[in-house]
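Quick setup: one chain, the form predicted alone, written in structure tokens, and binding and motion questions come after.
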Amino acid sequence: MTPRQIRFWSLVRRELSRFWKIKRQTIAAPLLEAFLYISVFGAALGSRIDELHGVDYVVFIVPGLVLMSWALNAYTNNASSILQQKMQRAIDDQLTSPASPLELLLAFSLGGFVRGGLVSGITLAVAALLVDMPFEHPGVLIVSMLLCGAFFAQLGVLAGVRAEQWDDISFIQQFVLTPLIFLGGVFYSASLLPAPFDVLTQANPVYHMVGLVRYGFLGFTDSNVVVSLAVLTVATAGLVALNLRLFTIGWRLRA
């Protein structure tokens, strides 16, 4: 390996080891939460709703829960990692090291991306033990999940860069991300909502992400797959470009 490769993978290993050292908090707790969602919603609502669009209700909500696991874990990991290193001024050494802004951005991004993907994958494995999960369009599913994971990983990086205290990260998660996810069609179909709530739901970006993942699993979605993929790709690329610029100039990173 070249010195540059060694430097980059050292940064990545640091980010991975950070969440793995406290895996009961970063891995086990989100898995328990997802299991409770499947059990409680499946038992409480599944017996009443039975099916949505010809699919068992429990199966219908699993794609959204898988996406939610990746989204929240990718965001939380990256935002907290960057803010912690800012508060400890450990990031100063990294900014003055030979590592390029792109290497630093990718290393921070991969930490949350891998954590989110790990929790999401185990969530799916647990769900598959409880219900029979179809995989109608695996290509769309893989691309959609990777893009969604990258989007929320970059969003976490952006939140960590601009945050000055822990409340800044919690505020975005509790008052922005969580409402968007819960109102994004994870537990229901937008086509069942009366006007104007159906239109308002379609204005939610998470609704289109859930639609993509649900289409990959079930072959059903309320949204246009091609348009949703295009918008998600552009949005993710835009966040990468913005974060790279912030790392290059050291905005809110340098003392």
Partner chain sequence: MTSPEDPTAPALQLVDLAKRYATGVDALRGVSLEIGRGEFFGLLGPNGAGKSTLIHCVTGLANPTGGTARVFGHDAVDNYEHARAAVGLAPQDINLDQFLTVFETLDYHGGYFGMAKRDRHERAAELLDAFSLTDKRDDKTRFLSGGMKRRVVLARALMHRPRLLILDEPTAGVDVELRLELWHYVQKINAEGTTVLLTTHYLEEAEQLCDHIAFIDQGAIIAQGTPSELTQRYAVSTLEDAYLQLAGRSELSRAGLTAEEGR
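Residue numbers count along the first chain shown, from 1. Nothing here was measured: the structure is a model prediction, and the numbers come from that model.
The protein also exists as the form predicted in complex with its partner chain; that form is not presented, and the subsequent description refers to it.
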_Answer range among 123 to 131, 137 to 145, 174 to 182, 84 to 92 for contact with its partner chain, defined in the predicted bound form as heavy atoms within 4.5 Å_ = 84 to 92
*residue 97 within 4.5 Å of its partner chain in the predicted bound form, heavy atoms*: yes
*residue 22 near its partner chain in the predicted bound form, any heavy atom under 4.5 Å?*
yes
*Is there any non-hydrogen atom of residue 244 lying within 4.5 Å of its partner chain in the predicted bound form?*
no
_Can you work out whether residue 239 and its partner chain are in contact in the predicted bound form, taking contact to mean some heavy atom pair no more than 4.5 Å apart?_
no
*Is its partner chain close enough to 68, 195 and 200 in the predicted bound form that each of the three has a heavy atom within 4.5 Å of it?*
no
*Listed by sequence position, which residues of 140 to 158 have a non-hydrogen atom within 4.5 angstroms of its partner chain in the predicted bound form?*
none
